[in-house]
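In structure tokens, the next block holds one chain alone, the form predicted on its own.
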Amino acid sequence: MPSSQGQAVKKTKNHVSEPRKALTIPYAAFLVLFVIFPILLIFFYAFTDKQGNFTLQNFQDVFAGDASNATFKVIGTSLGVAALTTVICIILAYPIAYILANSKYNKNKIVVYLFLLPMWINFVIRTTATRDMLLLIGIDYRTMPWVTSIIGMVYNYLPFAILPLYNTMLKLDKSQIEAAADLGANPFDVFVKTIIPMTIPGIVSAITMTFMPTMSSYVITDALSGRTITLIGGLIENKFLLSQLNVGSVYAILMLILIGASVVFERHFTEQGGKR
């Protein structure tokens, strides 16, 4: 009897798990068609010529001679824009997220949705509106392309910095903060030595969610700089529009490497923050 009951339970579990496995099929198909296959195609083009023969000439075209200067200039510009945007977003997002997550200051959760509302609007529309608004107040993208581009980047990606910080701050251990204050720590020490260490995972997530898309978000800089600022995403687009698929694929691999390094950075510091 016990063995028959065990077999019945096992069959029931199998019947339950089969529909769950079936639900993963659409996701697996999407992953193969729109993630794995495009990446394999990029690597294929990067290591072949127009006739489909294996070659490393594409990498030489990117990193050799005068082309290398242009390549590193674009990479440097992309990293610089991404880093500056990320720093500004974190500086602005941290106090906003703290206020939104603290019931003492924020009595109405609707305010949270007001800050996150721009994420629901198409970023091209937001960017066009930002350009027109800046023109109205006298900030011309044709004369101040760097200023307008950074403003546009911060406006578009600030919600992506607020959201992970907000979620982290909702889980803050209030007893540790109260204990630090009871033991004589002043507000500044409580903030630096207690609150910030507990929010490191949120900070790292906010940095990643801001830095990675900003580095390749060339549409914003194209619209707000009059195409005078070129990011690596824009360079890839130009190469593909000019039918230089092989060289463009090399730049795409470079962007994948930079994004992969950002992900490794995030995981490392998230794990370190979780061990504290």
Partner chain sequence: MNKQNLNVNENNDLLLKKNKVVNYTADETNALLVKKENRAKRKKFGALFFVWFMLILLYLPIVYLVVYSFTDAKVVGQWTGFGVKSYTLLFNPKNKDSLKLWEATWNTIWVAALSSVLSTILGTLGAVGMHFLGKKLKTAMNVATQIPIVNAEIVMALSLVILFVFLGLPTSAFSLIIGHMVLTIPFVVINVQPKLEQMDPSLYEAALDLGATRKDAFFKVMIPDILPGILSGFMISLTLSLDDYVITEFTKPTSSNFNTISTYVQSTLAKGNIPIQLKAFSTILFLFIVAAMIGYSVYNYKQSKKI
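The structure presented is a predicted model; accordingly, all values stated were derived computationally and were not measured. Residue numbers count along the first chain shown, from 1. Throughout, rigid core stands for the largest set of C-alpha atoms superposing within 1.5 Å between the two forms.
Keep in mind the form predicted in complex with the partner chain is missing from the figure; the text below concerns it.
- Interface residue remark: Thr230 is not counted as part of the site for the partner chain in the predicted bound form, having no heavy atom within 4.5 Å.
- Although the partner is absent here, Ile207 lies well away from the partner chain in the predicted bound form, with no heavy atom inside 4.5 Å.
- Although the partner is absent here, Asn167 lies well away from the partner chain in the predicted bound form, with no heavy atom inside 4.5 Å.
- The closest non-hydrogen atom of Asn58 lies beyond 4.5 Å of the partner chain in the predicted bound form.
- Interface residue among Ala83, Val192, Val147, Met133, judged by heavy atoms within 4.5 Å of the partner chain in the predicted bound form: Met133.
- Along 26-41, a non-hydrogen atom within 4.5 Å of the partner chain in the predicted bound form is carried by Pro26, Tyr27, Ala28, Phe30, Leu31, Leu33, Phe34, Val35, Ile36, Phe37, Pro38, Ile39, Leu41, in order along the sequence.
- Core-superposed comparison between the shown form and the other one: the C-alpha position of Ala67 differs by less than 2 Å.
- With the core held fixed, Pro26 shows a CA shift of 2 Å or greater between the shown form and the other one.
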